[in-house]
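Shown next as structure tokens: one chain only, the form predicted on its own.
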Amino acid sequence: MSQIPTYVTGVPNGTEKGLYLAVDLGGTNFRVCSIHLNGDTTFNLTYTKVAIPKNLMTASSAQDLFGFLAKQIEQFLKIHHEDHFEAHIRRRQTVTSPDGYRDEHIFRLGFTFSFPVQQSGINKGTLIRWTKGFDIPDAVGKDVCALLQQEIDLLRLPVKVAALVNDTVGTLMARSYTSPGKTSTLLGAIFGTGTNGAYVEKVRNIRKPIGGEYDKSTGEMVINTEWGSFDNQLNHLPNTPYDEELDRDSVNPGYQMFEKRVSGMFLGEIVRLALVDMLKRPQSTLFTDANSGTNDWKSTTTINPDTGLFKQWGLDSSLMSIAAADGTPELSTLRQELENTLGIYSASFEDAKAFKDVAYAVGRRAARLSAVALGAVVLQSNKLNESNEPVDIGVDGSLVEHYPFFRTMIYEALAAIEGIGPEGAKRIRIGIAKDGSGVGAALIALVAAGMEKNAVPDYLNQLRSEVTERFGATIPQMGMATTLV
């Protein structure tokens, strides 16, 4: 796994206060947020979202896109923080810092940028390549934080891009701020369209060199695992013909093999491939009236020729959630949904039961593999042995939020892991962490602001010292004769 150092060297405890900005460029939309941390694990969030114009996604110059983003930040401040914004503008031209700002009068901003970057500091990251339909060659190889800051400065906005944020790290930070009790959060994980995790590691355990500057006082750093790429060689992961076919027909064969068995983007496709295989078998009675002595819906089971069942990605993972949630005696909800979404008309109870069993097997495997990732981090941390406090984990994503019993299946698997067991699993607390790209990004900006204060001496004191050092010998002492020239 990549195990990327994030330069974030602390997590919040819920007592933090202040007003921070966060922006999120994750795809075709751009979101601007302000987050007021109340200091009691609660916060108030205000945000706007705008679509990125198509022409800016493939602009000839990075300045075109980042200038647009800076303009959205300006509009947001004027609309939602007009008084604060105007006060900032009036105070902007001061001599209390090298940049013409007073620290307490600047909005610190966390920048969630969901494209591949090589990070070299808490607010430094070079764009490796564009994805998701963006293609601006001029920006590749440049520091994205600097590109945004440059456009912010051209508009004379009192905003500093303080932190470059990965959404998984944001999930960790958001959970740590809002989690109950005194225990800080160990791990933030996303189980949704994709999957990834970030956790707090002791710096002494990090084997790869960490370039750039970071706060060494905590002895810790958040690591972005990029665990979606775990075991691409398939030395350990389970493998089926359906996994092999999915991978072979994907846009990135041979990569993200863990993610392809866990995340919501792929689970529906695995179910679809299994069902198609069943339909091809001569002895199969799936979706035929022969499956049921008498079809209790009094009509013939038929499949629409244009069904998504025979098309790649034609079965959405949300159908698995409906199957898991349907506890009606005849599975009538699921049967109706098979008709609505897949064009399978008058499916019998036995058909629906077969679908439910296949979906359950795929979903349960995903949950148990998710537990492997979580359990590995818990064991690495040794938290279960260091104290009797809960081990707190923050999670986000559609699977853990909306897939019935997904977390229950994770706990069942944690209890089966050697070194954790049933008693250890009871001490692992998994809670939803909402809005990591907003609240989490703001909290990382807060951490970055704290690092600035620790790293940079007060500018006025520094200026006084330099003046004294340079001119001290020429300033006459009391009682000495002076000559004015």
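Only a predicted model underlies this, so the values are computations on that prediction, with no experimental measurement involved. Residue numbers run from 1 along the displayed sequence. Definition used throughout: the rigid core is the maximal C-alpha set that superposes within 1.5 Å between two forms.
The same protein also has a form predicted in complex with a small molecule, omitted here; what follows describes it.
Contact annotation: of the candidates Gly397, Gly125, Gly363, Gly228, the single residue with a non-hydrogen atom within 4.5 angstroms of the small molecule in the predicted bound form is Gly397. The contact with the small molecule in the predicted bound form, taken as any heavy atom within 4.5 Å, belongs to Gly26 out of Gly419, Gly26, Gly431, Gly39. This chain is displayed without the small molecule, yet in the predicted bound form the stretch 26-34 from 64-72, 440-448, 421-429, 26-34 comes within 4.5 Å of it by heavy atoms. Looking at Val117, you'd find every heavy atom of it more than 4.5 angstroms from the small molecule in the predicted bound form.
In the predicted bound form, the small molecule stays beyond 4.5 Å of every heavy atom belonging to Thr307.
With a 4.5 Å cutoff on heavy atoms, Thr301 does not count as touching the small molecule in the predicted bound form; it lies far away. Among residues of the shown chain, Thr285 is not one whose heavy atoms approach the small molecule to within 4.5 Å in the predicted bound form. Relative to the superposed rigid core, the position of the CA of Arg364 differs between this form and the one not shown by less than 2 Å.
After superposing the rigid core, the C-alpha of Ile52 moves by 2 Å or more between this form and the one not shown. When two forms of a protein are overlaid on their rigid core, residues whose CA moves 2 Å or more are considered shifted, and Lys132 is one of them between this form and the one not shown.
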